[in-house]
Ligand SMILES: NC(=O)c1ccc[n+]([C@@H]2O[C@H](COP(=O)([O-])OP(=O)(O)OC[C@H]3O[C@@H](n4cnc5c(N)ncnc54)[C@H](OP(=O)(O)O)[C@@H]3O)[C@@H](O)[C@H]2O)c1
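Just one chain follows, in the form predicted alone, and it is written as structure tokens.
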């Protein structure tokens, strides 16, 4: 039986739009108080409005994930205001498809910095609070939004694949480190999702996964029973959008 999210506190990164917004809204519908992290303050405020229709919002924060001091201060503020952090959803990410021989070095660095290093830093900073939740209530949840590109090589996406392979490997290692404490760690790996990030990639957006579908799967992971852990879920469009 799935657990109840009422009263729980969830941090969602990349919550300004797309999948992050959908996850934040779905969690709020289920009674969680969401702390919204994102760089676009206007869009983040809109996410907060949508979440507030269902439950109290912990607030909005806009730290750069590479600024570990600012990120740590934001997470500390969430914990001080809410008294707990039960769930972290690492959703923030960037996508710059290109072949290796023509890729911009800045784009490569940015994907590694945001998709992998930023996720690792956010996890490292939140981990003491998640472990506190485990010790107090027997469980906490970390959901990393990975990608099917994290399991397969895709031409024109090699650097992106590298970043998402790293996400999956990091999560698998962390689960083995903390599983006995009750920390659930899941890589949620979707295929093409109908978001602004991929609207110029020439796919049929009507065939792509809806952000709400990713959010529903994330909500299932967040509520998963204590006795087991779904460590990776791969989600495909029913029909190929390419």
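Nothing here was measured: the structure is a model prediction, and the numbers come from that model. Residue numbers count along the first chain shown, from 1.
What follows is about the form predicted together with the ligand, which we do not show.
Only one of the listed residues (69, 49, 196, 177) places a non-hydrogen atom within 4.5 angstroms of the ligand in the predicted bound form, and that residue is 196. A heavy atom within 4.5 Å of the ligand in the predicted bound form is found for exactly one of 30, 58, 217, 65: 65. Judged by heavy atoms within 4.5 Å of the ligand in the predicted bound form, the contact stretch among the candidates 80-88, 142-150, 100-108, 126-134 is 142-150. Among residues of the shown chain, residue 114 is one whose heavy atoms approach the ligand to within 4.5 Å in the predicted bound form. In the predicted bound form, the ligand lies within 4.5 Å of some heavy atom of residue 40. Looking at residue 182, you'd find every heavy atom of it more than 4.5 angstroms from the ligand in the predicted bound form. The shortest heavy atom separation between residue 74 and the ligand in the predicted bound form exceeds 4.5 Å. Residues 91, 92, 93, 94 of 72-103 are found to place at least one heavy atom within 4.5 Å of the ligand in the predicted bound form.
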